[in-house]
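Same protein, same chain, two forms; see structure 1 and structure 2 below, as structure tokens.
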Structure 1
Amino acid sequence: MNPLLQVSQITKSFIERELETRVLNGVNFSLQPGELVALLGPSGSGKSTLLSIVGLLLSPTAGSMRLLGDEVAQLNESQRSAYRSRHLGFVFQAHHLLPDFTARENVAFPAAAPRNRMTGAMHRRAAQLLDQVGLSERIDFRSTALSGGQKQRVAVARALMNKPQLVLADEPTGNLDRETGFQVMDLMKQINRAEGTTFLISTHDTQIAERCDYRIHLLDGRIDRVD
């Protein structure tokens, strides 16, 4: 089976006032379709930068990255945006829901925004996803009326709206209490098993990471080990 994602010798440096700071230094790893993988590492290890590069939010300084067989490391900004919309979903530590939108409108937003309109098919897809994450009774609640755990469930549903092959989650349980965090993690695992969606989850929480198929440990901008 060909990898869904193949990262090869990725480096990333930031330059400020002629001072170069290298954050990633020759990172190599791959993800197979349908895997649920944790990305672990201390603060400053490069996890968020690596996730941003995999998510096509940043371009690497050097290296190769193949996603679905396509070389994507050096796509231009408009190409990256189109590729993200078609193939990637995102869940962040802060849910980033639109406060004046209902749960359904927030979930449908990734599909509706590029077209500047909401279709019946989008409404139905969003309703289906909210039912899948256990929020069918909150479908028309504004996001401000939802609990923290419910907001993160909406964020997970939103990440799935465009049927992505890969979902990237950056500390998705970081703002939640322990029990709610486990519930959100178990929800992602359930979707992974039922839909075959690949997940790469950045986390500091070893108990969350233990719920994944395996763990990639990042240290000082390099892969330290995989277990």
Structure 2
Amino acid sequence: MNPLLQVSQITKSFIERELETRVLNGVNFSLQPGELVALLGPSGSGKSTLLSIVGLLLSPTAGSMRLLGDEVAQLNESQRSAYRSRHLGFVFQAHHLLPDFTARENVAFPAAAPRNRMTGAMHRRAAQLLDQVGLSERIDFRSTALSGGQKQRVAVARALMNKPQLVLADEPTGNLDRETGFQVMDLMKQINRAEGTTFLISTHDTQIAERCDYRIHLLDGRIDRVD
């Protein structure tokens, strides 16, 4: 099977106050379609940086990256943006929901924003996704009227709106209590198993990581081990 994602010799350096810091130093790994994978590593090891590079939010300093068979490391900004909205979904530690929007409007946003309008089909898909994440009774609640765990479920539904092949989640349970965190993790796993959506999830929580198919450990800018 062709990998969904192949990351080869990715490096990333930041220059801050004339000091160059190499955060990623030759990262290699691949993801097969349908995998649910945890990304682990100490604080500062480069998990968020790597997720941003894979998510085409940040350019690597060097290296190549094949996503769905396309070489994507050198795309220009508008190509990256189109690629993101077509193929990728994002869940962050903070939910980043729009406060004046309802749950349904937030979920539909990734489809509606580029076209500047919300169609009936978008409303229906958003409602269906909210049903899937167990929030059918709160479709028309404003996001500020939801609990932290409910907001993160909305964020997961939003990440799925454009039917991405790959969802990148950066500490998606980091702001939740343990039990709610496990529920959000189990929800992502359920979607992974039912739809075959590939997930790469960074976390500090070993119990969250254990629920994934396998774990990639980052250390000192490289992959230390996979288990």
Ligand SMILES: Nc1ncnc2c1ncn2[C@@H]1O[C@H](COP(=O)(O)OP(=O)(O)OP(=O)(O)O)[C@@H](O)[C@H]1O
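Here the rigid core means the biggest group of C-alpha atoms that line up within 1.5 Å when the two forms are laid on top of each other. Residues that one form lacks are left out of the comparison. Residue indices: 1-based, along structure 1. Treat the numbers as computed from the prediction; the structure is a model and nothing was measured.
- Between the two copies of this chain, it is structure 1 that is the form predicted on its own.
- In a rigid-core overlay of the protein, Glu16 has its C-alpha displaced by at least 2 Å between the two structures.
- Displacement of the C-alpha atoms by 2 Å or more across three or more consecutive residues between the two structures, following core superposition, is confined to the single run 16 to 18.
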